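As structure tokens, one chain now follows by itself in the form predicted alone.
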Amino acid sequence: MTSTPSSPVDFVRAAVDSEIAEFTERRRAQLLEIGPELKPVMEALEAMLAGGKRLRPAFCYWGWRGAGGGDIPEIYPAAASLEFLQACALIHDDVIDNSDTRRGLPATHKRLEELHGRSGWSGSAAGFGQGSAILIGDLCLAWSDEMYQGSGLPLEALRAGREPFDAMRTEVMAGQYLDMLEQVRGSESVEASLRVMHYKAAKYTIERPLHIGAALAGRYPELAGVYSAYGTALGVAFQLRDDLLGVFGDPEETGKPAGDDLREGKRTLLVAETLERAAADDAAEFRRHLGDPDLTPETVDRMRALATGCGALEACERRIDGYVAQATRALESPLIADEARSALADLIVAATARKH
């Protein structure tokens, strides 16, 4: 179905993009039949789906291939359905964090807020934007399930895949709640940060997509442990890299303003390590600025310097290296089909050695 390109993500991307485009085109017609007023809803949803690294479909696909599944057309819509779940999570996450942008474009709730303002409608533009985004996220969640069920894979395989599929949805929502909870608690615990990463990112981004692929291929019980050893370690490393980019990344690459995670007051592992390692006065200064939406570039630079100077950045980089080593060791298992082993090794690099 696809030629062999430069990376295991690229191998999957074209087919996944095609499946998403075909599915959304059918659903666009359905929404517009309900009413032309739904056109901005579809446009916002399509804008969210147009971006993204397609990592979750890639891990699902290579989890399937690692379990002995073949390169058949039906696996692509099943894997692509995870992009709708990802869109749901990101849309709702931006509402929770009150983020202005996503991938260099206005966040979904901001798009709909601007529509309200341009149209001169009554009531709160912000409230309309947030409410609309919640509904669009819910629509993505429903369509994720619909796309998975309609993939064309045998019903027995789809039933087997439901266990990790359903567990993944529960875990990511629970992880999001824990993330919110640690924010309001003002948590400074390394352990709490790791727990949030485990459920909000690691399991959802890598481990569960691999499990779904294995289950669809009929080898979930046999491969679950191997894929967990690989996926949880790599998933935490992936999220750690994401958190470091949220503070030290180039806005041209990340699509978000520099230091945006500091303005939002995200209780990441980098923050926990900084507050644990910094001298008392420096920690107090960092704590005082964390979560200030009006942080200046100069203050962001100062907070970066504090995180670097106390060794927190280096500690996070060491953790990434350690998790990468764990994931690499897991690939030595003879249970993984040889045709997928090198792709899963390449995905370690794709998930951790990145600029956005």
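Everything numeric in this text was worked out from a predicted model, so none of it was measured. We number the residues from 1 along the sequence you see.
Below, we turn to the form predicted in complex with another copy of the chain, even though it does not appear here.
Contact with another copy of the chain in the predicted complex holds for none of 242, 253 and 348, as no heavy atom of theirs lies within 4.5 Å. Another copy of the chain in the predicted complex is approached by residue 131, whose closest heavy atom lies within 4.5 angstroms of it.
Remark: residue 310 does not count among the residues lining another copy of the chain in the predicted complex, judged by a heavy atom distance of 4.5 Å or less. The closest heavy atom approach of residue 237 to another copy of the chain in the predicted complex falls outside 4.5 Å. Interface residue remark: residue 156 is counted as part of the site for another copy of the chain in the predicted complex, having a heavy atom within 4.5 Å. With the partner omitted here, the stretch from 244 to 252, 74 to 82, 112 to 120, 281 to 289 that lies within 4.5 Å of another copy of the chain by heavy atoms in the predicted complex is 112 to 120. For the residues 276, 145, 100, 222, the 4.5 Å heavy atom test against another copy of the chain in the predicted complex is passed only by 145. This chain is displayed alone, yet in the predicted complex one of 107, 270, 88, 217 has a heavy atom within 4.5 Å of another copy of the chain; that residue is 88. Counting a residue when any of its non-hydrogen atoms is within 4.5 Å of another copy of the chain in the predicted complex, the hits in 78 to 101 run 88, 92, 95, 96.
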